[in-house]
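First, one chain by itself in structure tokens, the form predicted alone.
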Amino acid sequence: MSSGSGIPAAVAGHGDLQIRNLRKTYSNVIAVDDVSLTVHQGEFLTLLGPSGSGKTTTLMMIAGFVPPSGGTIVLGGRSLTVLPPHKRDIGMVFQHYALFPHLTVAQNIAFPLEMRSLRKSEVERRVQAALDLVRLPDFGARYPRELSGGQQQRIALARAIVFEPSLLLMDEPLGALDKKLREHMQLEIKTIHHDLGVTVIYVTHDQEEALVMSDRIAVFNHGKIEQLGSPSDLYDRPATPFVADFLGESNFIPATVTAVEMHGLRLRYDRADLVANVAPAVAVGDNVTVTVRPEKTLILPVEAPGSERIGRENWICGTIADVVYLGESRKYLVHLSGGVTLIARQQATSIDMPMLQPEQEVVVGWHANDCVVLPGQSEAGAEVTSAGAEAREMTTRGVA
């Protein structure tokens, strides 16, 4: 298979990347704690997590820039654990491009090919093919200082793929770009990945970026993988409060199990009866946390007709504390009876849709299919979610 640019798509024999019991310690600090992971050939896997969670250290151990304290790294049946970086057949794209300022664009891209002693004619062919692939075919004679940030990032990507690596590593490569250009580059990288079929491991702390680009996401927390799965799995069915809170916005409502039924649970929060159609292994009387995404909620004035509530099994009364206008949507902070602050998001689909006001009494509801129940009561739901804190901060700055 060919990418159509002159650079062959990934070779079928490269195989999966197998990481087993990978550890990295610095004195008494455990940076990566017994991580095991299989990255399938041709997959786009994102390592997502906050600063200090171990995602970048894991990537650097795969690249060979950081020696592991324990564990193994195997690519296509070949052990990489103790190999130096230049013998691993891995391409690397850094956040700050790392282009040679004294070399032209073509010379930058040619560098890894010249290190492999390829013939000059083959170097020239591959360099031009890489420039075509990143849509900068006429930029070979320019210097990095003559390029925009987005163009420099494309050249860094071209240099990383020009020697046809078996694995491409990307360490927050879009972090230095503005939001609009970053979104454009996300789609460009996805297209290049699809064309080449190369295995990609991508590090970011940007949740939206991870959701847009990935086949699977590994969410890191304190040196461990908290959850691994497809973007929809992690977003719609988070396994832990950390994943629910870190990947997008979530509400956390402490509740008590009142009945365990064949297809779900009945619960109690304050004076409200709740229903969930997906049940963990819990028993009557257990304390749990109900999580629901803000966009899955429906918020109505208390005087709204009852017919508008059909299809929502969960209804809780509250009072609007703040309103944040976001253009395409409105975000409401609602103080619920019982003390929890909940975030509700309402799409601005109609100019006739009334905007609810602070101090207005409302009811908030959601479908039983749209919430997740986690064992135990999360500290995230004790007072206000991190999403709520963010929204309040935005309001304080005058966004609402």
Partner chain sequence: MATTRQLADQPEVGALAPTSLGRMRLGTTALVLPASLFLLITFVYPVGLLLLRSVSFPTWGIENYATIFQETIYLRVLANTVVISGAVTLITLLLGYPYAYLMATGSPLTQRAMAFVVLVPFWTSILVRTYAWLVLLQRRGLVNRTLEWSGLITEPLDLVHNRIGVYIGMTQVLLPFMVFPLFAVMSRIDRSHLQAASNLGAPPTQVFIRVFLPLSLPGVIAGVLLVFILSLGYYITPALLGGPRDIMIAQLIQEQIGEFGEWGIGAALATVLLIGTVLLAALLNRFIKLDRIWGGQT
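Quantities reported herein were computed from a predicted structural model and do not represent experimental measurements. Positions refer to the first chain, counted from 1.
One more form of this protein exists, namely the form predicted together with the partner chain; it is left out here, but the text below deals with it.
A single residue from the set L300, I90, A272, V282 has any heavy atom within 4.5 angstroms of the partner chain in the predicted bound form; that residue is I90. Proximity to the partner chain in the predicted bound form, defined as a heavy atom within 4.5 Å, holds among L99, V288, L247, V127 only for L99. Using a 4.5 angstroms threshold between heavy atoms, P85 counts as touching the partner chain in the predicted bound form. Interface residue remark: P112 is counted as part of the site for the partner chain in the predicted bound form, having a heavy atom within 4.5 Å.
With a 4.5 Å cutoff on heavy atoms, R116 counts as touching the partner chain in the predicted bound form.
Remark: F242 does not count among the residues lining the partner chain in the predicted bound form, judged by a heavy atom distance of 4.5 Å or less. Of the candidate stretches 215-223, 158-166, 174-182, 324-332, only 158-166 has residues whose heavy atoms lie within 4.5 Å of the partner chain in the predicted bound form.
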